[in-house]
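Below sits a lone chain in structure tokens, taken as the form predicted alone.
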């Protein structure tokens, strides 16, 4: 039996344990995970404003996460709440979002430089 065949035999008993799913069900679109909201609206549609607005939205989202993390951390430090784990999670999310934004920026700059080096 091949590796893929053995995975398929393992998959069916696991799918039978999930309520409302059959082995023939397969995701045809975004998968809804508990506790994680799907983005609203049609994500495949082009946004007005083009490329600049995409980066503007990215920076705004990262800024929002950092402000949220600062607010939660401030509440913990002032003793308004004892949700230290929520503060740590918010800070980690903000840090990861910032790192992702920097990596995207680096890739865009690298791509631009590669295009500029191409002989015309």
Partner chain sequence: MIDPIFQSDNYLLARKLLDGAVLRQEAIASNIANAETPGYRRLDVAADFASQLRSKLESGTLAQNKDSLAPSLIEDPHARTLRPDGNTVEIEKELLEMNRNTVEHDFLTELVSRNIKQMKMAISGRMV
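The structure presented is a predicted model; accordingly, all values stated were derived computationally and were not measured. Residue numbers count along the first chain shown, from 1.
Just so it is clear, the following notes concern the form predicted together with the partner chain, a form of the same protein that is not shown.
- Mapping the unseen interface onto this chain, residue 91 counts among the residues with a heavy atom inside 4.5 Å of the partner chain in the predicted bound form.
- The partner chain in the predicted bound form is approached by residue 76, whose closest heavy atom lies within 4.5 angstroms of it.
- Heavy atoms of residue 84 reach within 4.5 Å of the partner chain in the predicted bound form, making it an interface residue.
- Proximity of residue 99 to the partner chain in the predicted bound form falls within the 4.5 Å heavy atom cutoff.
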